[in-house]
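There is one chain below, alone, in structure tokens, taken in the form predicted alone.
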């Protein structure tokens, strides 16, 4: 079931919300939790019911393992072995469903054997709920004796706003809220804040991302079939997909946070205007923030981080980003995407050490360097998305040739693209991403996301400073939000899945 579908908007969501608070008021908080858990399972099964037993089995097995790992009465060596078993089992299940075909093609296929697809369907959201449960098991080993009820744990894993595409919620963020009192009190403030965030995210996805998607879909699709794009088409494809994936995934994250807030629950922030970053490391602290946090805590730090010297630290960065690339998809293009970002991070660290700006540097130099760094970071990310979006290295190579000016000659491109309209939409989206506040900044007075505090309330361009507008529950904001909702609903006839749902 898609967030941007008639079924979800006009049937599932009203029933889930009304049933949750009705159960709380009539039968108590436990019944409310049971209702929300049942609604989350229905939401997941709507996509493909055959994978519901897998999700339930994963929840039951991981809960049992976490209880055993966190049992202080067991010896530390036994608990450690159980923790390793839990991590290996989760990674093994993820590898079986998501990477088996990739491994067989990469090994037997290169040896000349004909490899038929296994036909194994990738369960929806397996990457997301696997990472959440790995973190729970590892933390149960580090901090034993903190057992939770099964219902709280099951709801933590399956809570429908964040189940299928994140944010990747840490158990310490969600489970105390589930066990608390706030979610079970129906407050109009939570409903209005949540609906506002949801409408803004819906508009970003349906009106902006899906409108732009038509051009990169056509151009990358043609390149995947071996048809070289022209230079302008290659740039439209690259920049178009950059803006598409930004508004698609940030829109989903806003919708997820908004939906959770309707139920009185705060999810962590997952996007913080990453296209405004002035370096790749800052970019990854702003883009898919909960994934970056997981990779740092459970991959980079256990590898040793930067504690074992610069060379080892660089290697750990590259390994971590390779894991990120593989997490995004089972293809060598995703591996190359992760490797490229690992190299980006190493280059940035070396550059930052050797070319630091002096403390007494004039303001104009700081401003110029910031603007140049932001543009360079944006272009480096856009360039890497050629690998992310392409279905093969051959298609990526054709796109790359087009970007550097060695593509098909003008007038000979196979794809028919309304270049003027495409450039207007892509340019407008780029201006919005670079100059306007994000949803959390826009709603900063109302603590929109968990543990978030506003760090930027003004837009600065050279010496000009303009205060960001701040949302409030009044008719001044209600009118444009209703208009955005109507525009979004009228655009639902071209429903497309979220980019990150494939992960």
Partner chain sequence: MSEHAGITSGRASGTALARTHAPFVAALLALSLLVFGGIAAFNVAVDPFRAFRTEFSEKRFASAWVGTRRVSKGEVLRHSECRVLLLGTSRVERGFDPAHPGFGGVAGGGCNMGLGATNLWEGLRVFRYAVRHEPLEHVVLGLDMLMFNANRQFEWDFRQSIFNESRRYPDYRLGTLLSRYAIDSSRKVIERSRMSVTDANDDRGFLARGVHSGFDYRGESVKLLRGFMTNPKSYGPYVDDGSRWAMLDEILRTCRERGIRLTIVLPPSHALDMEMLWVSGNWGAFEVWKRRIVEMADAENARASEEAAGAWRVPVWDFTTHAGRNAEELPRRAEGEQWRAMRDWLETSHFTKEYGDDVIARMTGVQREGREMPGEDIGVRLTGENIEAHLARLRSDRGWFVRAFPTDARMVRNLWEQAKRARRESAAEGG
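Values in this document were obtained by computation on a predicted structure and should not be read as measured data. Numbering follows the first chain given and starts at 1.
There is another form of this protein, the form predicted together with the partner chain, and it is not shown here; the text below is about that form.
Assess the spot marked by 261, 266 and 493: is the partner chain within 4.5 Å of a heavy atom from every one of these residues in the model of the complex?
Contact check passed for all of 261, 266 and 493.
Ok, 191, 340, 100, 122: which has a heavy atom sitting within 4.5 Å of the partner chain in the model of the complex?
Partner contact (heavy atom, 4.5 Å) among the options: 191.
Only one of 175, 195, 380, 93 has a non-hydrogen atom within 4.5 angstroms of the partner chain in the model of the complex; which is it?
Selected option: 195.
Any idea which of 195 to 203, 292 to 300, 305 to 313, 276 to 284 reaches within 4.5 Å of the partner chain in the model of the complex, heavy atoms considered?
Of the options, only 195 to 203 has residues within 4.5 Å of the partner.
Is the gap between residue 409 and the partner chain in the model of the complex 4.5 Å or less for some heavy atom pair?
Output for residue 409 is yes: heavy atoms within 4.5 Å of the partner chain.
Taking the shortest heavy atom distance, is residue 57 within 4.5 Å of the partner chain in the model of the complex?
No, residue 57 is distant from the partner.
Residue 46: heavy atom within 4.5 Å of the partner chain in the model of the complex?
Contact with the partner chain, yes.
Taking heavy atoms only, is residue 26 within 4.5 angstroms of the partner chain in the model of the complex?
It does not: once the partner chain is placed as it appears in the model of the complex, residue 26 has no heavy atom within 4.5 Å of it.
Taking heavy atoms and a 4.5 Å limit, what residues of 1 to 36 are near the partner chain in the model of the complex?
Contacting residues: 5, 6, 7, 10, 11.
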